[in-house]
Ligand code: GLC
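Have a look below at one chain only, the form predicted alone, in structure tokens format.
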Amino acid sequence: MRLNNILRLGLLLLCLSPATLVRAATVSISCGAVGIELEVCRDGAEAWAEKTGNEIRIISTPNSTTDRLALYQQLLAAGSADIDVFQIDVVWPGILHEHFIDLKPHIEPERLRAQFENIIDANIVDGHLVALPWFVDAGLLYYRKDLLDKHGFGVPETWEALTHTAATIQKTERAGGNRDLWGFVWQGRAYEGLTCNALEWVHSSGGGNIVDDRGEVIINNPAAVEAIDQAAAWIGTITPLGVLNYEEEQARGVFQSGRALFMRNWPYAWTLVNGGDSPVRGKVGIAALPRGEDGVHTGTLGGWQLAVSRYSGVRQEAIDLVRHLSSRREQKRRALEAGYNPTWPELYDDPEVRAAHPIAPTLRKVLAGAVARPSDVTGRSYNQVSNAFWSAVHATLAGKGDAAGNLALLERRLERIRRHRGW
């Protein structure tokens, strides 16, 4: 009897897979928490954990991209293993690449070729694939269809038209008792989001970029001055003074509560403003952001990627998690459930995605004309460049000097950064 028990135990051990005999790994991943981002990230990560027998630890990070980057830099500089998988902005590979492993040996070339080329390129530094793209973004204009129809206005094509439409409807609505309505809300806090907004004003008005492809500082030009001065004139007229402290969620909160006619935001807001408990559900439309009189429609290119820390003690499991979360199947789930925009172009033609994600055709057009922040050419200095830009813009918006004076000071500051830090 005892011999039979031993034999049965031996057969049982032989039937167990090697993975079953190995202790499960715990993989920690940083997830943003803008809108329902944290919930959707957790769902995807926990599905992987259930499939592989490993465990997941979700680490929530600041909503502000500026604060999140500062936290990452602190952790990585210390060689911390607290986070295995980092969710990083599209402009961070050049800043943080030395702390992440090269994913290229772990990813099939055909998988990379099947995704947006410009997004893959943004994640390659010195020939190393620093991260895998997770979802792509571009700035969009949200508008209240019902209010435009009520007052006989169309979707504004230019910034001048937006200013006139917003001022007119705001004045009329307030006179009729809708005293809390504002014309236009956006992200005006001194952080990376303001760089995105201001670059859209400048680029769409013919003012180019902050730095050109050769590394020359070009932001101090008449078109840029005019665009930023125009935005400053919105403060207190069609835009609340509080916008100077708005990030994405503050702007969405005002718009979704029915207190704004227009909003600039990322595509994630679409699902939320049309949620079951949204006061503006079914009343919202989206379009490309306006342009200057002689400019073109554009939106700042955004998006988030997944990178694996060099300091991780569970590298192979972390790589496998990144492969799962960035896969075509998982990106389709995220598109269907939460409106996140895939980095696989073919998914924009998927019937299920198009049915559940009606902004997909508009977004593809916006992406075609999206302006990239100059993170590739400025490399490690990008954070300093962006900080200097948003600081100059924020000062102008707050009434601390005009755009001409602040952009002249910005130009000199950027030239100093270029001389001392290089790019």
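Values in this document were obtained by computation on a predicted structure and should not be read as measured data. Residue numbers here begin at 1 and follow the sequence given.
Missing here is the form predicted together with this ligand; even so, the following discussion is about that form.
Visitor: Has each of D84, W134 and D320 got a heavy atom lying within 4.5 angstroms of this ligand in the model of the complex?
Guide: Not one of the three qualifies.
Visitor: Are any of the heavy atoms in E200 no more than 4.5 Å from a heavy atom of this ligand in the model of the complex?
Guide: E200: no, not in contact with this ligand in the model of the complex.
Visitor: With the partner left out here, check for me: in the model of the complex, does some heavy atom of Y143 sit within 4.5 Å of this ligand?
Guide: No.
Visitor: Contact between G302 and this ligand in the model of the complex at 4.5 Å, heavy atoms?
Guide: Result yes; G302 sits at the interface with this ligand in the model of the complex.
Visitor: Against this ligand in the model of the complex, would Y191 count as a contact residue? Criterion: heavy atoms within 4.5 Å.
Guide: Judged by the heavy-atom cut-off of 4.5 Å, Y191 is in contact with this ligand in the model of the complex.
Visitor: Counting any non-hydrogen atom inside 4.5 Å, which residue from C196, I219, V243, L129 sits next to this ligand in the model of the complex?
Guide: Of the candidates C196, I219, V243, L129, C196 is the one lying within 4.5 Å of this ligand in the model of the complex.
Visitor: Name the single residue among T65, S375, T396, S30 that comes within 4.5 Å of this ligand in the model of the complex, judging by heavy atoms.
Guide: When this ligand is considered in the model of the complex, the option within 4.5 Å is T65.
Visitor: Which is the contacting stretch out of 345-353, 323-331, 86-94, 306-314, given heavy atoms within 4.5 Å of this ligand in the model of the complex?
Guide: In the other structure, the partner sits against 86-94.
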